[in-house]
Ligand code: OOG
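First, one chain by itself: the form predicted alone, in structure tokens.
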């Protein structure tokens, strides 16, 4: 496991850029200087399956070893997901949001495909330094991907991309040139970005102390066993946090909003945007 937190996030970021080239354009658009000192990561998100060898806790272990602490848990009944978020005592470090698909709640066909994939993961790989940006440890066909997609976009994304940051998130609170999420969204749209409109462009409100929006995922070419196909990859999120009664910014997540953010990798939403 990584000994240095900044090195880990740098590796995650570079791996994310490989399939999310638009993230660099977002930086150029929102940053107040070439250095981009005001682009601060609010949180980074990961996906997995609730199968022992690769479960949420296995991913979390990489962050707990770096001083992160478990904070909140979230349930997504319709998507059959469970999630936790983690925070570091140094609040300048990004929060971490890890979700897992509750495989046993899915169809026998999906369960069989997912177990076949996870069986190909070497047990030692899960604790390796690079596991969180190691991609897929299995081979799947495009037809398998399509079969998963018909039931769970989440499972299909995992089949294609595996272990990597699903998204990074710009902290709107730290931007110098923008004060509101509305103004960030308008700048993104003016620059030609497509936003996730599931549940509205802005998910959440000042009342729940968190507003979130996101781009729709880029597309990247994935090598399946039966050929290469361009499919949705990763996206960029934007979060504005509001203070609690004690004056400190809310640091948690809102399940109803996160549920809609998951749609950012859904091609069906992309087609309707």
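Everything numeric in this text was worked out from a predicted model, so none of it was measured. Residue numbers count along the first chain shown, from 1.
Keep in mind the form predicted in complex with the ligand is missing from the figure; the text below concerns it.
Under a 4.5 angstroms non-hydrogen atom cutoff, the ligand in the predicted bound form has residue 97 among its neighbouring residues.
Among heavy atoms of residue 237, some come within 4.5 Å of the ligand in the predicted bound form.
Looking at residue 212, you'd find a heavy atom of it within 4.5 angstroms of the ligand in the predicted bound form. The closest non-hydrogen atom of residue 219 lies beyond 4.5 Å of the ligand in the predicted bound form. Heavy atoms within 4.5 Å of the ligand in the predicted bound form belong, among the stretches 23-31, 58-66, 224-232, 45-53, to residues of 45-53. Taken together, 184, 188 and 193 are entirely out of contact with the ligand in the predicted bound form: none brings a heavy atom within 4.5 Å. For the partner-free chain shown, 166, 167 of 156-181 come within 4.5 angstroms of the ligand in the predicted bound form, judged by any non-hydrogen atom.
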